[in-house]
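Before any questions on binding or motion, here is one chain by itself as structure tokens, the form predicted alone.
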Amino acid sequence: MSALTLVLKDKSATSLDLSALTPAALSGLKPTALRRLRIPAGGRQAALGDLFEISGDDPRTLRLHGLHGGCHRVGHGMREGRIEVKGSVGDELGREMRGGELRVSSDAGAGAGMGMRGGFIQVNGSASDALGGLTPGATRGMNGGVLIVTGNVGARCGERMRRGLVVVGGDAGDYLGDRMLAGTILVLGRCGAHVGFGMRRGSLLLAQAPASAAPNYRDCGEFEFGVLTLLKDYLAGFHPAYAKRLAAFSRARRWCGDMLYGGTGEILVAADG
């Protein structure tokens, strides 16, 4: 058996909703049924075989090649298996994902990992706003799993995040950790304004100090943080190179806040940042 591979035929096709393409959903479909599977495509329904060249027969590993920013909701509700994307994707990558592994070779749109409950996502490029945020009408954002973006991310990364780990290899936009409830976010580049706004609990680990001091936070001084060894060991299972970067936080300055919401959250800035 070989991995099920779908190659997009028409690169001009936009507004493709690929939420139906997950390993579990495609399991057991015969080739004819797979080609006839209909998905939303620009306000109409189109057969999968008309949109993609299809090869392979094992949906436990699903390879999507030639995607672009008009291909949305890749990995929505994914629970198992592996999806490998060659190209960029649009909005809501891995929305409400609960398990499995999802990797994208380039950029992602807004809302990647929104409502995520488990599993692993890696974007080998940049991502737009609301990474790991909340779905419309929800009161909590990301609630488990690991989400890694090697490039930059937009505003409101980790909005109302409750559990899980987010790692940003580049810069983060404004309102990082906005109203965060718990969880951990590591940013290895720079941050925008309003870091930790309304934060209740959780940890923001920043390799560089924010451009301006976060309001309603108390400077608690510099400390040794040997406990981060546990986080380092955990992250090493997903991205060894980023795990090594955690050594910079063995000594860090700690800020507690948001003081208007109990002050039990923390911002750790690497001592040499």
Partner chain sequence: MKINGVTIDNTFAEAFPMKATRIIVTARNETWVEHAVRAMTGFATSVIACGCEAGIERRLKSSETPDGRPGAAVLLFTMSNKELIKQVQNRVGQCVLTSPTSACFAGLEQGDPIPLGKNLRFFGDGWQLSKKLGAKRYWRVPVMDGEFVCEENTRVVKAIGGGNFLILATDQDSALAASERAIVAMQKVAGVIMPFPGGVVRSGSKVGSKYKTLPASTNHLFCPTLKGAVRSELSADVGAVLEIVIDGLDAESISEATRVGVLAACRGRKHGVLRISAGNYGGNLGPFHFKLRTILK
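Positions refer to the first chain, counted from 1. Nothing here was measured: the structure is a model prediction, and the numbers come from that model.
Keep in mind the form predicted in complex with the partner chain is missing from the figure; the text below concerns it.
Considering non-hydrogen atoms and a 4.5 Å limit, which listed residue (Leu64, Ala214, Leu34, Leu231) is close to the partner chain in the predicted bound form?
In short, Leu231.
Counting any non-hydrogen atom inside 4.5 Å, which residue from Gly115, Gly198, Gly154, Gly183 sits next to the partner chain in the predicted bound form?
It is Gly183 that has a heavy atom within 4.5 Å of the partner.
Is there a heavy atom of Arg163 no more than 4.5 Å from a heavy atom of the partner chain in the predicted bound form?
Output for Arg163 is yes: heavy atoms within 4.5 Å of the partner chain.
Can any non-hydrogen atom of Val227 be found within 4.5 angstroms of the partner chain in the predicted bound form?
Answer yes; at least one heavy atom of Val227 falls within 4.5 Å of the partner chain in the predicted bound form.
Would you please decide whether Thr264 lies within 4.5 angstroms of the partner chain in the predicted bound form, comparing each non-hydrogen atom pair?
Because a heavy atom of Thr264 falls inside 4.5 Å of the partner chain in the predicted bound form, the answer is yes.
Taking heavy atoms and a 4.5 Å cut-off, does Gly87 contact the partner chain in the predicted bound form?
Looking in the predicted bound form, residue contacts with the partner chain do not include Gly87, since no heavy atom lies within 4.5 Å.
Region of this chain that lies against the partner chain in the predicted bound form, out of 97-105, 199-207, 133-141, 79-87 [heavy atom, 4.5 Å]:
Answer to the contact question: 199-207.
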